[in-house]
Ligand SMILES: Nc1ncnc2c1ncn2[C@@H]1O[C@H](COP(=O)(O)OP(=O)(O)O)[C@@H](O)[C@H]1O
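As a starting point, one isolated chain is supplied in structure tokens, in the form predicted alone.
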Amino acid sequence: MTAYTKKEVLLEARNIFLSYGNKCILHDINFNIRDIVRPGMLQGQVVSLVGRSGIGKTQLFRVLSGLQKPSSGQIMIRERKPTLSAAGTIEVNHERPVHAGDMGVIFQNYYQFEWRTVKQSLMLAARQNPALKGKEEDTILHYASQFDIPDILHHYPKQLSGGQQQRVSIIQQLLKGSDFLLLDEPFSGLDICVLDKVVELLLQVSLSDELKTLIIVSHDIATAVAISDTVFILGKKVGQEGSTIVREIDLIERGLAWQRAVRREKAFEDTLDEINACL
């Protein structure tokens, strides 16, 4: 098995409850995502959140992103903050509640400003990141080349394919500089060729920084599991109103993380059967 350790908590859901009126949607949600460290390489985190339709995945997605306030409980995140010291500027990590805008959120519809070119939209995102001041254009060109879209920078959204729009949306969020990227159904409606490119792209993003953390909500369980290191299953317990995390599956312990040909492993099929039995 590949050597690794799990260290500091990057995100923690603490006692999350969500109700609309008298209807309980989410019940006692508790889990955390830890920094995965592998010797000699940058290793981000890729987490999948799965569950059947109508179970509350979208609501939990919005709570995690800070776009929706839970009825009770908190989502806590680890933040990197430059701090002046006697030795100069150092990076200090501290924990705080998540707020709207803290996370890069990529919705299924890949909304873009129709009246702006791709480059104009990316520049707008880059200017929101103080760390890129004076380097906005070079960084945009770097990502455009890395994600294979240098030829469409002067195109408008209506001229882009679905896969191109998705890549632009991901680059926008990377330019903003968040350590967290939440993706809603990133594999939906993609043909097999584009799907493979998207999977490679997400893996590339996860390896761009030690603390980069991708949280994927998807109905495509096989693809989500194939690129993840951890799966959280949202479901219901007998006699309980509202949904909760019914199981956490550590794919690293099972030897199923970071493998290009993982779908060929019997343990992979067994894990899919286990997940489906919980849904």
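The shown structure was predicted, so the numbers you read here are calculated from the model rather than taken from an experiment. From 1 onward, residues are counted along the sequence shown.
The same protein also exists as the form predicted in complex with the named molecule; that form is not shown, yet it is the one meant from here on.
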Worksheet item: Among 222 to 230, 56 to 64, 27 to 35, 250 to 258, which stretch has residues with heavy atoms no more than 4.5 Å from the named molecule in the predicted bound form?
Response: 56 to 64
Worksheet entry | Any non-hydrogen atom of K23 within 4.5 angstroms of the named molecule in the predicted bound form | yes
Response to the item:
Taking the named molecule in the predicted bound form and a 4.5 Å non-hydrogen atom cutoff, the residues of 212 to 244 making contact are none
